[in-house]
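Only one chain comes next, encoded as structure tokens, the form predicted alone.
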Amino acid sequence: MKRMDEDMPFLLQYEHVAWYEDGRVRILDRRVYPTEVRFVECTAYHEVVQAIADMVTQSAGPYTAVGMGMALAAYEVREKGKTEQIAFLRQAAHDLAHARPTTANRYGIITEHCAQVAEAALEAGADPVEAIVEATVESLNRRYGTMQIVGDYLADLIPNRGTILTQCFGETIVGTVMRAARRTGKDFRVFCAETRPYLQGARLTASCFAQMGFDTTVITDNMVAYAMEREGIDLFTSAADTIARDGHIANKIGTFQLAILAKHFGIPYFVTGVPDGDKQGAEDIVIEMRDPEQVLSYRGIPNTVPGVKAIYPSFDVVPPHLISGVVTDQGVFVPDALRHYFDREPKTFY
């Protein structure tokens, strides 16, 4: 099977996201990359659930991890009867899908498909573990292929030798827009907002762009207005953890304020991704609230004195009037017209 991670940076190669082999799932620990290249090994699917909840992998990484977690679940119950195996896999599909609430709908598409593939394999007397791994790689290929189309559209929007600002780690779109730029000979500078409190923009996004030879600069989150005013930023772009039909999007906390600044400075903001058909508007978006301790400390080092409180909403919601366009596999939509994305049957994404 041809793989779509060819020419991708280290972080986006399939085995470096999450991978099942011999009764284990290895997940790259993005919480410490690039300081360390360390993998978390899971020997039960519940450990994959916990790894996703703990943000061992994030952005689109869980899309791979939940599929490989389903293979691990099939391995765990391999010696049971067919009925018990199917029931176990159905429970695993639910648990893995709900590892994080904001994107449970997207994870659920993957885990439900894996459960169906496993059930068909069992009915045919085939190995469900092997069938799930193959289905997960096929899903990865579909997603990378679809996001390459999105990356091509986004690359067309970036001026040659221009400057873009990114927020958090857009995972697949980071790799595909670079691949599109390299194919067409386009070059651009990248400013990466560091994205507190986990610093994905600094550790992950900046690593990918720099490894692929792009002029890459990291700024702290409170330097964005300065950079927009003085550094010649032509375009602000982010992925989205969910895109509602009415044009509201949710992305890493802080995206809303960057969108406000972009509007103030007249810089277009383009969101990338595939809209969620099951979310009509902002009221359907669940904001995950994480452990405030992750704000009060970083890598075990306290940031505050005892007694200080914190909050940690993982995402915020950006309203449509701040978004210049949503870049999809069907082209670029103004938010008010995003509902027309569903006028034709979308391709299977996951």
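Don't overthink the numbering: it's just position in the shown sequence, from 1. If you're wondering where the values come from, they're calculated on a predicted model, not measured in any experiment.
Keep in mind that the form predicted together with another copy of the chain is missing from the display, and what follows is about it.
In short, of 129-137, 96-104, 271-279, 203-211 it is 203-211 that has heavy atoms within 4.5 Å of another copy of the chain in the predicted bound form. Contact with another copy of the chain in the predicted bound form, defined as a heavy atom within 4.5 Å, is made by all three of Pro34, Glu194 and Val317. Among Ala44, Met55, Val40, Leu296, the residue placing a heavy atom within 4.5 Å of another copy of the chain in the predicted bound form is Leu296. Interface residue among Arg183, Arg78, Arg142, His264, judged by heavy atoms within 4.5 Å of another copy of the chain in the predicted bound form: His264.
Contact check for Glu231: a heavy atom falls within 4.5 Å of another copy of the chain in the predicted bound form.
By the criterion of a heavy atom within 4.5 Å, Asp221 is counted among the residues contacting another copy of the chain in the predicted bound form.
For Glu84, no non-hydrogen atom is located within 4.5 Å of another copy of the chain in the predicted bound form, even though that partner is not displayed. In the predicted bound form, at least one heavy atom of Thr217 sits within 4.5 Å of a heavy atom of another copy of the chain. In sequence order, Ile253, Gly254, Phe256, Gln257, Ile260, Leu261 are the residues of 236-262 having a heavy atom within 4.5 Å of another copy of the chain in the predicted bound form; the partner itself is omitted from this view.
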